[in-house]
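First, one chain by itself in structure tokens, the form predicted on its own.
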Amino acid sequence: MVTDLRTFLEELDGIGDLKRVNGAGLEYEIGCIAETAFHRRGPALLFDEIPGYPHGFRVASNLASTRQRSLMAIGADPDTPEADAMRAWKARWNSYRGIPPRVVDASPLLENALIGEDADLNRIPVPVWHELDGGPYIGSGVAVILKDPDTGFVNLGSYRLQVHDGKTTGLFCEPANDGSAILRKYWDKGQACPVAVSVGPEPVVFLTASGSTGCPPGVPEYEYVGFLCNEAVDVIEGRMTGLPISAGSEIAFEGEVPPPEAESRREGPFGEWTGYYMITSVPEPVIRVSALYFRNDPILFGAPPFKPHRESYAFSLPMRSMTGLWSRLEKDGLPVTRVTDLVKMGAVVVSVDQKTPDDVPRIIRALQESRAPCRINILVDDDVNPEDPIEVFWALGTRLDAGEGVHRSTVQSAWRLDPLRTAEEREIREPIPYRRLILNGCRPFERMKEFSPVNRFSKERREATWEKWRLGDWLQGGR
């Protein structure tokens, strides 16, 4: 079922994976606690008794920042190993059939409806998530809702939104995103673009809006969520824009985005998922707020990015890599058995089951043409665990020929969060050169039979010994 945020928090509480924190301040304290818990693989967090706000006005964070909670958020068994989860997900993804959202008349979201001059974002506690942020950001755990004026296509995107004042937020949206294309259609006509924002939608709605669940390009996100959950997402129509807002949302607001030449404000800095801040604030479009809705005792859903490690601040399964790069390689007939993120920002690992001498060269050529924002791409044989950085670097240290196995690639990219961009380049919205490295950590195909065998017992002998001696009773880890 499409579980709302409150139900998901109750489920986490039921298994002892939720920590309640009372009295933390909006400036830095909530963000610092969330960052510390993330890096120590701590529980999900629910903040209450926030100074300056009524009891019950809460902030939740770190909801899917471990693999177990990520699996729960998409309705899967939290104890499933990543490799098994990815295989099952991929099989399901290949059978995609969208289920459109269902319009309903009533929702707890409408328990408090503030229209026009009464709409005031300052009613909601919004943290300053990182130490160097330019202000509070209401847009992290959000779904920004836009509708194509020509086709009627409804797009959900998770874009960052800085609160400038009670009636205005910033809107940072990368030029390559579907949301940018919709905005430009209105702006090219000299019109403001209608927008609705769900703050604290159902977790699977946020994860799909952020791209974490691998929604394919051109597929409506609400329909994709319906497919994942085997049931339609309930939505209400916004009173000001008519845009579909998920009925399970905790908080939502509506408004319009005028053309940048009509109104822009400097936005940022903001600590991003790359592990860096943008160097300076940059002029960005704004949302002029015309309506605010929230449930009684609302919960703001925070998904602030933190410096990456093996887990991810938003979703700790590599669905985006699987459904994007992996699927493209498979469509080209390449023997790729897995694509995963070695770290969430830094290296993608491609597992290869070599069948012919041309398999690895063809994969390298495909990676050279890929536009994925990752500077290091590593190929390994499928006897290497792509989740384990020690195994991956062992393969590189023993199988990489530095003379033949190192390849470079340059593509054009409009990715403005690229940490290597200068302050001046951050303001450029057109593509500029983006350089990547491809490292071949696979054994040479012509030497596969004679290559030194790996110093480890066979899988069959390990499993037989495991069962006979009941090693699982006193050893942790796999066989």
Ligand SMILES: Cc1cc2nc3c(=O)[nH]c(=O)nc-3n(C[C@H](O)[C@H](O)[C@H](O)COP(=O)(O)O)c2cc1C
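Residue positions are given as counts along the sequence shown, with the first one as 1. Note that the structure is predicted; figures quoted are calculated from it, not measured.
The form predicted together with the ligand exists for this protein as well; it is not shown, and the discussion that follows is about that form.
Listed stretches are 402-410, 175-183, 86-94, 386-394; the contact stretch with the ligand in the predicted bound form is 175-183, by a heavy atom cutoff of 4.5 Å. Among residues of the shown chain, Leu156 is one whose heavy atoms approach the ligand to within 4.5 Å in the predicted bound form.
In the predicted bound form, the ligand lies farther than 4.5 Å from every heavy atom of Ile138. The ligand is not drawn, but in the predicted bound form it has no heavy atom within 4.5 Å of Gln162. Although the partner is absent here, Pro308 lies well away from the ligand in the predicted bound form, with no heavy atom inside 4.5 Å. Of the residues given (Pro258, Gly238, Gly211, Gly226), Gly211 alone sits with a heavy atom within 4.5 Å of the ligand in the predicted bound form. None of Val289, Val197, Val126, Ala303 but one reaches within 4.5 angstroms of the ligand in the predicted bound form through a heavy atom, and that residue is Ala303.
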